[in-house]
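The chain below stands alone, shown as structure tokens; this is the form predicted on its own.
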Amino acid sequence: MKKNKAYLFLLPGLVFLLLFMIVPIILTISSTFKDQGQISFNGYIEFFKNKYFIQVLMNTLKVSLMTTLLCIVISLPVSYYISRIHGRMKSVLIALSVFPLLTSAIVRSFSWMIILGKNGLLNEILMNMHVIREPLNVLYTPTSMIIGLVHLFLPLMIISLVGVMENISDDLVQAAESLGASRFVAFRKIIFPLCVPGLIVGSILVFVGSLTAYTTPALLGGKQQVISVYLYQNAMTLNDWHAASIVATIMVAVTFVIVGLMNLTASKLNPRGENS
């Protein structure tokens, strides 16, 4: 009886989520299938016939994928190092890793605009070192978007991996090295398979965050469109809420597909590393 009453504490949160998240999403999605009071898929057909929308969608997926891959490559060694040290230094490094999350995305984006601009810090350093003769066109390109998104979401990947790597015993690596494996081989065959769960969680957070991010792509992307900016323009500039709802529904569908594929990948990779 007491356990049944304990579930009542979940009721306020469930009601809040139902009224302010689930119901609006259902209403938004259902409105996209209505055309003059009848069920219709014409909106989606027109969108997927639009070459510009397909280009925007593909560009968004490419940027999100590259952001996720770069976060994985950068965070793996960093997370492994943080997970293996102890004491105050570990707390300091974790705090430094999380610190970018405490800064506004707008502030970070403007900072990258100053760094990556034609007269920015990066071009000045490279030209003074005689590495380049003309300023690089980095700002307002997919590259600048990826740089900004990596800066934005890298802490999420690091925290996800540190939490998993902390529970991996050093004895496993030492046993592998005693059997002749190099440190790199031990990391690849033991540490990496065991940290796949954290890798999948971090990848989902980074990919979905990059897919739906608005501020950073809007400021650093220039004319390079992504789907979140495209949605905003349809809703606020063109005042076409029906088209915006279709774009939002497509974003939700893509998010669920990506999460499903990543979970499937996790199961295929054998997270516990039993067969590694």
Partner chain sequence: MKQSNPVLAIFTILTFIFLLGPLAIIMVTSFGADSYLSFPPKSLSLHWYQHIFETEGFLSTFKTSIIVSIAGNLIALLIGLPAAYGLSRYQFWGKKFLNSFFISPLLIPGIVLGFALLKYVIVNYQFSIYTGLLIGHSIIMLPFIIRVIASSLANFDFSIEEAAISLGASRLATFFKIVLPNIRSGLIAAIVLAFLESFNNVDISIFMTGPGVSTLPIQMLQYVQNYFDPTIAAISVLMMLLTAALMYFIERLLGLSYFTKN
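Owing to the predicted nature of the structure, the values given are computational and were not obtained by experimental measurement. Positions refer to the first chain, counted from 1.
In what follows, reference is made to the form predicted together with the partner chain, a form of this protein that is not presented.
For the three residues 20, 100 and 111, verify that every one has a non-hydrogen atom within 4.5 Å of the partner chain in the predicted bound form; reply yes or no.
Judged in the predicted bound form, 20, 100 and 111 all sit within 4.5 Å of the partner chain.
Heavy atom to heavy atom, is residue 59 within 4.5 Å of the partner chain in the predicted bound form?
Result no; residue 59 lies far from the partner chain in the predicted bound form.
Is residue 84 close enough to the partner chain in the predicted bound form to count, meaning some heavy atom within 4.5 Å?
Because a heavy atom of residue 84 falls inside 4.5 Å of the partner chain in the predicted bound form, the answer is yes.
With the partner left out here, check for me: in the predicted bound form, does some heavy atom of residue 127 sit within 4.5 Å of the partner chain?
Looking in the predicted bound form, residue contacts with the partner chain do not include residue 127, since no heavy atom lies within 4.5 Å.
With a cut-off of 4.5 Å between heavy atoms, is residue 47 one of the residues that contacts the partner chain in the predicted bound form?
No, residue 47 is distant from the partner.
Check each of 185, 131, 179, 106 and return the one that places a heavy atom within 4.5 angstroms of the partner chain in the predicted bound form.
Residue within 4.5 Å of the partner: 106.
Within 238 to 255, which residues have a heavy atom closer than or equal to 4.5 Å from the partner chain in the predicted bound form?
Counting only heavy atoms within 4.5 Å of the partner chain in the predicted bound form, the contacting residues of 238 to 255 are 241, 244, 245, 248, 251, 252, 255.
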